[in-house]
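Only one chain comes next, encoded as structure tokens, the form predicted on its own.
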């Protein structure tokens, strides 16, 4: 059974009404991992409804959190706002009403195009509107109990006068630099003495004052518990580090149950996404977003990336070399869904089919997609005009010849556009090519390569013009000549591309006119 269905069934055993929450700090552009958090929640939410239960999918925007450092994608001038809550920050480009809107609106639009539409909730607004009043008062009145829980669970010791509340300083506007020390049931007294965010010191302005309970926030472990209680959250995906023994989830669960009288939600731990061995985050420079991924492999394939394996499975993303393989895995899942299970272990069939189903956006298609990503990679590059634009008529003519496709449907066009975007953005140079209209003038072939080309000239003219059969003819000819296949492929890349490597040769040659290919190979026998 697919992991999404397992979680949904477990939740429905506990009750019929559910709130599936996800949450993201708004300190810049939400990255691909942030999208995964919401996509996991969305899958469980939809399954619960499908099984007859009631569910809401809520995305909590942690916009009351203070800015801890300036990510690379923000202007250096934002250093003046370090320590201030995100909801008070200006738009970095002056195009939106606020910092939060600037980063969350496009993020939600990207997800919506993949049919992931959570209810977005501003945490700052919940404080400001008084929706957190009750839980904030409970936390402040039971500060000593929270201190004991912190020390017992994580060994973290707080000062005797510590209160679980960070006021927004009335003088400097910072929330990361204040310390609350007294609560009279209505107001919180504080000092802006400075604080620490990660390894960075956040200087305070020295101001002393008092604020109401709507003018600040609870510390994260207390706030998480308060949110669960206030919203009635029953399930939440979270990074697996949070579920470690003595960690945030354990601490927040005890606070939720002992102080707020609510049951902690079922956790869905997930592995962080890594790129080149580094965890994705706003601090690595250019942020990789769900929208970036959807543009180069389609939204469906992007969702499949998350659903194809357990949330805790290792997830490595490479926007350069791994994209065709990801697309190929999705296309294989599509074939399995439509009945071609010949190359799949029986025990994996149902999970593969379910992962494909969960990845769809506008209902289930009636048939498999028309052309593969790898095939389009070759076809599009052989049908570019002088300005680099795709000649779609030429693409269709090639597909009609190679795949008996007489019309470009919406899915094939979407995949073709994704291929073109990948080529224009993150594709490695190794996969880019241009068919040489004339035999490259400086080409050289050694004796073995000439022998292979001569033998292939006779074999290739008899082959049915299909990628697999062309590939087989090349391989079989290399074996007959007692040569390594790689050396023979290299010779063909040289005469067609003027370089030593390129895309899958069967797909490449099948995308070209047969007479052109045969003529070029015969010409090469004379070199």
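Residue numbers count along the first chain shown, from 1. A quick note: this is a predicted structure, and the numbers were derived from the prediction, not measured.
One more form of this protein, predicted in complex with the RNA, exists but is not displayed; see below.
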Can you tell me if residue 87 lies within 4.5 angstroms of the RNA in the predicted complex, counting non-hydrogen atoms only? no
Should residue 56 be classed as touching the RNA in the predicted complex when contacts are defined as heavy atoms within 4.5 Å? no
Taking 4.5 angstroms as the cut-off for heavy atoms, does residue 348 touch the RNA in the predicted complex? yes
Answer yes if any heavy atom of residue 437 is within 4.5 Å of a heavy atom of the RNA in the predicted complex; otherwise answer no. no
Single option in 31, 46, 471, 69 placed near the RNA in the predicted complex, where near means a heavy atom within 4.5 Å: 471
Among 375, 303, 174, 415, just one has a heavy atom within 4.5 Å of the RNA in the predicted complex, namely 375
For the three residues 130, 183 and 190, verify that every one has a non-hydrogen atom within 4.5 Å of the RNA in the predicted complex; reply yes or no. no
Among the candidate stretches 305 to 313, 443 to 451, 89 to 97, 113 to 121, which one is within 4.5 Å of the RNA in the predicted complex when only heavy atoms are counted? 305 to 313
Which of the residues spanning 432 to 448 lie within 4.5 Å of the RNA in the predicted complex, based on heavy atoms? 432, 433
Per the comparison in the predicted complex, the residue 371 and residue 472 C-alpha atoms (change 3 Å or more) are positioned farther
Once you compare with this form, do the C-alpha atoms of residue 507 and residue 383 lie closer or farther in the predicted complex, given a change of 3 Å or more? closer
